[in-house]
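Next up: a single chain in structure tokens, the form predicted on its own.
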Amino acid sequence: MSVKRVGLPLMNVVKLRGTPILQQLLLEERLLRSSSANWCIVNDGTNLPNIVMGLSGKTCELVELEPVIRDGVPVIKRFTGGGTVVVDENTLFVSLICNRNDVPDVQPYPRSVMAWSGSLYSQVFNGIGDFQLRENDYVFGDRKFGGNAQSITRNRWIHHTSFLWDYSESNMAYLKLPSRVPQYRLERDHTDFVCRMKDYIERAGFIEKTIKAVGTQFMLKELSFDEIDDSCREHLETTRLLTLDELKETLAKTTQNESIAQAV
């Protein structure tokens, strides 16, 4: 990949295709906590449907446990905040891991990072639909197509996004309507609240435009997955796959509590 501008901070770009989302999240957590480089990780779809929850999310409030257990859908808790999403081969992922000092105009606070990301993606979607950053979501008009999550450490931060290139309505049924939703959602269900990015932009074109936009602020160095340094120091690892026993236990407790509430 050619470098177009001199004097900008370096960012490593890793383009993946169909990498399991759990593997991607573990990689990103490791790079955030133990690498000193800037990273842009692009994953063109994951291999199988997964439910991914924010670090503080409660399974009983966010996931329809009975069908998830019945269908064997993996449930992951990631190391960042944010909401719960169903991801699959039609979800595109872009993650930006940055040193605070390399983006000095961005304060290490969620609102500042979100504003910076909104400006970046405004370049990607320039002239495409009615692109906006609304609260913490990327939308065309009033319909969401990109969900964001962040983790901010003392000197580094990550901003990662899952983009709905397409989605399965049956997969959306695995999610409950959360108690806290963006104001602009207006109690719409999932299928009325989201839209398909494929109706607005080509898949390869989106990836190309995203990397080009990142290249306006960083010198880019493309690496393969195998070229990522694996000698990073030990680090806290909070991303994990929930076990089937955990899901069953949560379902049993939820069912019990609902029965008690009905009896009262």
Partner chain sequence: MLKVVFYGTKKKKRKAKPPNPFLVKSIIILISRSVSALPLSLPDCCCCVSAFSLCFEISTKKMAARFLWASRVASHLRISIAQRGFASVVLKDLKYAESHEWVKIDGNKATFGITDHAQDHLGDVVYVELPDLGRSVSQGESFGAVESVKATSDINSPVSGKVVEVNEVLSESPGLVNTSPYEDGWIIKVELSDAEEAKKLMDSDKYSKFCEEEDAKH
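Numbering follows the first chain given and starts at 1. None of the values given here were measured: they were computed from a predicted structure.
Beyond the structure shown, there is the form predicted together with the partner chain, which is absent from this document and is the topic of what follows.
Interface residue remark: Phe125 is not counted as part of the site for the partner chain in the model of the complex, having no heavy atom within 4.5 Å. Among residues of the shown chain, Val106 is one whose heavy atoms approach the partner chain to within 4.5 Å in the model of the complex.
Interface membership of Ser56, defined by any non-hydrogen atom within 4.5 Å of the partner chain in the model of the complex, is confirmed. The partner chain is not drawn, but in the model of the complex it has a heavy atom within 4.5 Å of Phe79. Of the candidates Ala149, Val86, Val194, Ile97, Ala149 is the one whose heavy atoms come within 4.5 Å of the partner chain in the model of the complex; the others do not. Contact with the partner chain in the model of the complex, judged by any heavy atom within 4.5 Å, is made by just one of Thr153, Gln183, Ser179, Ser170: Thr153. No residue in the set Asp166, His190 and Lys198 has a non-hydrogen atom no more than 4.5 Å from the partner chain in the model of the complex. Stretch-level contact check against the partner chain in the model of the complex with heavy atoms at 4.5 Å: of 137 to 145, 116 to 124, 171 to 179, 88 to 96, the positive one is 137 to 145.
The partner is not shown here, but in the model of the complex the stretch 29 to 49 reaches within 4.5 angstroms of the partner chain through a heavy atom at Arg33 alone.
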